[in-house]
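Quick setup: one chain, the form predicted alone, written in structure tokens, and binding and motion questions come after.
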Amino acid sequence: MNIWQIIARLLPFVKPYKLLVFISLVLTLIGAVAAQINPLVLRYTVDTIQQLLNEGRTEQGSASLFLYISAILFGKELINIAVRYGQSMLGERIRVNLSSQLSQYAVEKILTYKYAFFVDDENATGKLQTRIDRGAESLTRFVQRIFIDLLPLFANAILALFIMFHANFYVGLIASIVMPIYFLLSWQQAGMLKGVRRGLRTLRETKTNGLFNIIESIIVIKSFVREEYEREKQARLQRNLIDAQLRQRKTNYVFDALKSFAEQVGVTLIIILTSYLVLDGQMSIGSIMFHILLFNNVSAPIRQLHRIYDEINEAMTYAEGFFEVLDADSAIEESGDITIENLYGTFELKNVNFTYPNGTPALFDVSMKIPHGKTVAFVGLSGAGKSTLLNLLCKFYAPTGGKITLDGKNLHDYDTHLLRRKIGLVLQKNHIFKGSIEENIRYGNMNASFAEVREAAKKAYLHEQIEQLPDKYETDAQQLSGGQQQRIAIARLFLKDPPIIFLDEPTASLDAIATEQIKNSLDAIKADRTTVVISHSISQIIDSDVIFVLKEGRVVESGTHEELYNNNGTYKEIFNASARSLNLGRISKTLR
């Protein structure tokens, strides 16, 4: 992205603050005019003193001269203080509001994206956070540099250059030659650093994501004693980051030296030319300092330009990543316009195929019917496609082939939010938000009363355990055990009370007694609801009305438990393996 493209993208965000920007520009003009007072005052002072010396009136004229120039300089400084204060306050206000607006817009945008966007490796948590945070920060700094820093510099330089041309064309010409040289060097510098900055952005994203992975996987790292391996992996990333930063610093040093040399050439030429003109009688002595100070007003902004230009280019690099997130229109979750409130709950899949966005095929020619009010189980070894089917039924993904209908209508045509409000989903690993137990359970129904939250906790056999905690329902939910967190997820299901229920290993983290209790509660809530169960536990699937057996992405058998067992097929192999793993022979002898 170039500067103009970024400005065009930022205009809608800056537009609400156009009055503040206008006031800032007025202050910029005032500040640019005030910056030219020193050269004028110095020329006047030197020439007046020279005149007083020539006329022998040093005592009579010096007092009034000193009072006069003191009043002007102090007045100018008061104006500068007011201008800088106004620009700082306006700039800070624009910066804070714009940063908040950009970050909030990014959050609102990614919330509209489909599930597949977030499981893509390129959008891992650390990388996504770096793009949004650094992008919003860099773009905010970009606006501040353009309107608060860069415009005053240009206004100051252009006004000083205009005065130089007005005073003497040739002196102004020398000053103006330095500017394009400086810009050319800055342009080449930016071009050489563009690839380096992109590399730095990628390295920083990878480093941040690596830190997230360490924190999330710390128990695995420590259990396998892989601290040294992870340390070296992060150290390698850090070394690559240092190398890239040093390359950037080296390039900056070379170009900064060239720009400094160009500036000194300009100063030398102006001193030589003005001295010659003074000796030739075309200028007064005060004009020497006058033109040198004016040239300083031209070159000082240009000296600072490389720093600002460097930051602007860095902002442009991070802006690309930020706007890549905002421009992922293909990731926006599609939604139909069917808004039927009372869903019957009959699903039918016809020749469904599915391949993940990374190219991994998962389902092949799957056909099945999930009747209303029945409990259907998906059985199969890991990787058979069971959870993928649930993702399709929830519209987290769309099938790449075939058709899924709900109550006879294409699932794709349903309003996505309405559909998910009618589905209760309990996973093997459910996310618990930072907050109290009450807040986490209420996530199932944000309008539920505390009494309803407590009733849901009772159905999930969690209420008694909560009452034993010091802060009861105000306890931080993330401090609970894995089994207790799983019960919170089940309590959410009871609170939501949906007509369609999907259960993916709902009791995987619970002990035997809790599993039995939850099974009884789930059996009660299943009544007159469409229920799909995925479980490796025999007790969870054996009573299902229909069992679909999946193998390598295909449905290979379907029927009741008795029918499938008598078929002597894949289901019987899985069932017998489960029975052996539970040591049912020994258990049955004990129960006799």
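This structure is a prediction, so every number in the text was calculated from the model and none was measured. Residue indices: 1-based, along the sequence shown.
Not pictured, yet referred to below: the form predicted together with adenosine-5'-diphosphate.
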**Asked** Which of these residues, G172, P498, G286, G385, gets a heavy atom within 4.5 Å of adenosine-5'-diphosphate in the model of the complex?
**Response** G385
**Asked** Out of N342, S449, S481, T360, which one falls within 4.5 Å of adenosine-5'-diphosphate in the model of the complex, going by heavy atoms?
**Response** T360
**Request:** With heavy atoms only and a cut-off of 4.5 Å, decide whether L381 touches adenosine-5'-diphosphate in the model of the complex.
**Result:** yes
**Asked** Do F212 and adenosine-5'-diphosphate come within 4.5 Å of each other in the model of the complex, heavy atoms counted?
**Response** no
**Item:** in the model of the complex, V119 touching adenosine-5'-diphosphate (heavy atom, 4.5 Å)
**Value:** yes
**Item:** Exercise: Y356 in contact with adenosine-5'-diphosphate in the model of the complex, heavy atom 4.5 Å
**Value:** yes
**Message:** Given the stretches 260-268, 387-395, 488-496, 240-248, which is the single one in contact with adenosine-5'-diphosphate in the model of the complex, using a heavy atom cutoff of 4.5 Å?
**Reply:** 387-395
